[in-house]
Structures are given as C-alpha cells and as structure tokens.
Ligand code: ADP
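Starting off, we have a lone chain in the form predicted on its own, written out as structure tokens.
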Amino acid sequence: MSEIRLQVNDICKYFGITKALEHVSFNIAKGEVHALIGENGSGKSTLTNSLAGIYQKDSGTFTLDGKEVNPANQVEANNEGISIIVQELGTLDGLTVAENIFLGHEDKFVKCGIKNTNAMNRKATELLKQYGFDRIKAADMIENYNFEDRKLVEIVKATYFKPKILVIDETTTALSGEGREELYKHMNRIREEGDTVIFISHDLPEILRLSDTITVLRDGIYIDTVKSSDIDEEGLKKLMVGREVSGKYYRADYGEEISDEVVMKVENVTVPGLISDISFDLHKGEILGFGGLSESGMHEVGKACFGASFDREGKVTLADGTEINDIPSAISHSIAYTSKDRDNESLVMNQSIRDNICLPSLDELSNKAGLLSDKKLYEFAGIHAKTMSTKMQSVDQFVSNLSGGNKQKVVLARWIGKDSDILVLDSPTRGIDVKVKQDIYQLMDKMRKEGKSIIMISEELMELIGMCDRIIIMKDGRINGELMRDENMDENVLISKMV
C-alpha cells in the first residue's frame, strides 16, 4: 500500500453563508498524481488554496508526512514543502521575472542587508535555461510577457525548490500544446522522485491520462476517490454531476451553407511584432475559429477585431461601413469580446456580479433621463447569471470571491445580456466544467442559428473541429491555412498547419 503523504481531515470553509467545503476528508499518497475534479464551485480551488496558505480554513486539519501544517501564507506553505500554480495569474506586475521566481525567498540573495540582484538574475537565468524557457529573460519586467509565458515563469517558481506537494490548478488551459508538454514532463519528474502532484483540470481525458488517483467533490462535499485505471469519462461525469450527462455536446450538423452576407471585414491588419497582414471576412450566422500555437498571434486577432490592440494598422470594417478602431466603438456597434485573461481584461474584480453583468448594457438599462433603477439592474443581472447557472450567494457578491469557472460564466452572462450581434470569444470554455461547456456550445449553436456571428479563438482543437464552420490556422503571426467544417477532420490536420 502506498505511503500517505497528505491527510485531509474534516476540512470546512465558509464564505459568509456559503459552505464552500463541508467536512471534507481523504488521503493523498506519496509519488502519485492525484487529480481533484468537480463542477465549477465544487470546492477544488478552495481546498487547495487553504492547503497552500492563500485561504484560512475554518476547521479541520492538513497532516503532511505525519505533521499538522497550517500555513498562514504561500511563503509559509513553501517552507513546509507545499507549492501551488494558481488558476489565474500568479505573478506580480512591477517586478522582474527573477523577482517573481524568488518572491518571498529574496533572503537567499541578501548579504549584510543588501540584495545581490546580479546573483538573483544569474540563478533565475540558470533555472529558465534548465527548464527550456531560455527566451524568457530573468532581468525583464514580468509585464513584458504574455499570459502563457507568465504561466511558464510560475512553473519555475513553483517547482525549482522541489516541493513535497505541487498543486496545479487549471493551469493546462492557459498553455499551448508545447507549454502543456513541458508541464507534464515536470509532473512526471515529481512523481518519479517520490513527491506528489495535486492536479485540477476540467479536461477529463487529460485527467484519466495523467493521474493515478482521482478525488471527486460536489458542492463542497467529498463524493469518492477512485483509481484512474478503474473508471472512464462517463463514470467521472456521473460522479461530478450526480447523474448521467446526456444530450448533444458539439454541433451535429454538416454541409450547411454559410451566408454570403459579410458582417465584418478585416483587411491587412498588422500589430507590430505580433501579427502581420491579416485579412478575412466574418459572415452572418457563422462560427469562425482561430487556432495555433501560443505565439501564433491568434489571441491578438481577437483584440484587433475589438479595437483593443495597441499600435494596430489595417482596417476592421462592419457591413454599414463603420470602422472599429477602439473599444467604445466596438461595444456601441454590438461587438462583444471575452479575453483569455479574464481577471485582468474581462472583469472588474472588486465589483459585484451585478455591476459586471450590467456594465456593457447601462445605456439600454437607463431611462430617458439617463437614470438607473436598482430593481431593473438586479433583475437584469439575476436573469443572465441564472442563464449561465452561476453559483453565487446573490448578484451582490464580488466576482473576486467566485471560482474561476463561475467568473467565466459572469463574463459570458454580460455579453448574452448585451445581446451583441458579433461575439469575439477568446478561450470561452477555459476553466469551465463539462456540463457548462455543453451549455455554452449549445448557446453558441443557438446564437448562430439566430444570425449572430462568432469568432472563437481556442487552443482546444476538438472544440474548434466540433463547433466551427471554418477554422483559420495562425503561425508566426500570419494566416497559414483555412479549413472548412468536415465530419472527417481530425486534430492532426490542424496540427500539420500549426507547426
């Protein structure tokens, strides 16, 4: 029998009246990848954040190698041998790459009260090279790097000191295929060295492929722990949801003609250093997919269409001749945008769910005198939060207190409420559980049938194949191929044009 590394004993955690975790108990072994799964709001991140010192549990104990641990913060957790790569950004602006890697452990480079910055940069450079991330420079400011590169820095930060337990919370959805393979490599290394990975993901095939053991939480309650080799996807879905998940997942139609009506024309769009000479048409009632590796430029295409790119050249024109050059113009002309980096670019974190959902629709919600009715705002936010099955105490709750998946539901709810005609969705199902993914896909299908047009940018190849009428593949900042919807298409066709 495997030796126990961590005992989770009767853990409870409450946020106001919400029971985030209720008497959760189970064991995690040494030398295993132990997956933690459940629907959005099931308590996965709350549990691991409590273990890593980000939250303070209300009761219960964590016992690591026979010793009770109760870290007050992440530095204390690191000192106990516990590390975490969080779901959202875990690096801090205003600091260099090296300073982020050694945050909380700067004393290693301090002598007589003076920090040796050169020594810190040398050590960080050595680690980045060892991990294969040479293109990331230790002395650069962290904000010079994109979301994925910052996640790669977090991998170094979380693993260089060889923790006993590494928590990976929904990190793979933020990485390209190359970044995921690098993370998988380190997960395997940690397991082989006899240490433990707690792995949180909504990608069930990934969970089954990478983990040894799987624990399921539902609504803050422990459901079961199973061996990965003893269960399949359908069995996991049933444990997560409490019933069979049935019905359509991706679109089932093939051979439908795309309308000739062009709703957006993108001509020779260039963002220096990111994308070059991008041109395409978006048609009425079409789902147009963009795929590629992380540095391909596909995420910048979405920003360019929404008028959110800095220093953009070229034209984005609507059917009526309107040029989209800034965000207010895009919103006022019925264009919606969801960013991959939802905490920093799609949500106002220190505001309520109500304020976030209502924000783009304030003009429509105000009366002729420009005044807003609290009752109308509550009703509007409540209807659209409910449409997305958002788990919340009320629409007054701050979005910062929601799980990652429920934050994403708020992002989508605000644009559903706005009833935009063109939706630019960058990684729309990132951090979303299997049931809500199904709901989002069905909602997208319904929207296209209503004549709305969608640009979907995704690193999930099956999502692109299953949902899109056309798929444009990006490589090195340029378009490298276009594929039409085809029931015989597989991932290899897309990959061949990406690399």
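Note that this is a predicted model, so its numbers are computed, not measured. Residue numbers here begin at 1 and follow the sequence given.
Heads up, the form predicted together with the ligand isn't pictured, but that's what we're talking about next.
Undergrad: Against the ligand in the predicted bound form, would Ala20 count as a contact residue? Criterion: heavy atoms within 4.5 Å.
TA: Flag for Ala20 set to yes.
Undergrad: At 4.5 Å between heavy atoms, is Ser403 in contact with the ligand in the predicted bound form?
TA: Flag for Ser403 set to yes.
Undergrad: Does Ser42 make contact with the ligand in the predicted bound form, using a 4.5 Å heavy atom cut-off?
TA: Within the cut-off, so yes.
Undergrad: With the cut-off set at 4.5 Å between non-hydrogen atoms, does Thr429 touch the ligand in the predicted bound form?
TA: Judged by the heavy-atom cut-off of 4.5 Å, Thr429 is well away from the ligand in the predicted bound form.
Undergrad: Consider the chain as shown here, without its partner, and state which of Ser453, Gln438, Thr46, Ser458 has a heavy atom within 4.5 Å of the ligand in the predicted bound form.
TA: For this set of options, the contacting one is Thr46.
Undergrad: Looking at Asn356, Ser201, Ser346, Gln397, which is the one with a non-hydrogen atom within 4.5 Å of the ligand in the predicted bound form?
TA: Spelling it out, the residue with a heavy atom inside the cut-off is Gln397.
Undergrad: Just one of 66-74, 32-40, 438-446, 469-477 has residues with a heavy atom within 4.5 Å of the ligand in the predicted bound form, so point it out.
TA: Within 4.5 Å of the partner lies stretch 32-40.
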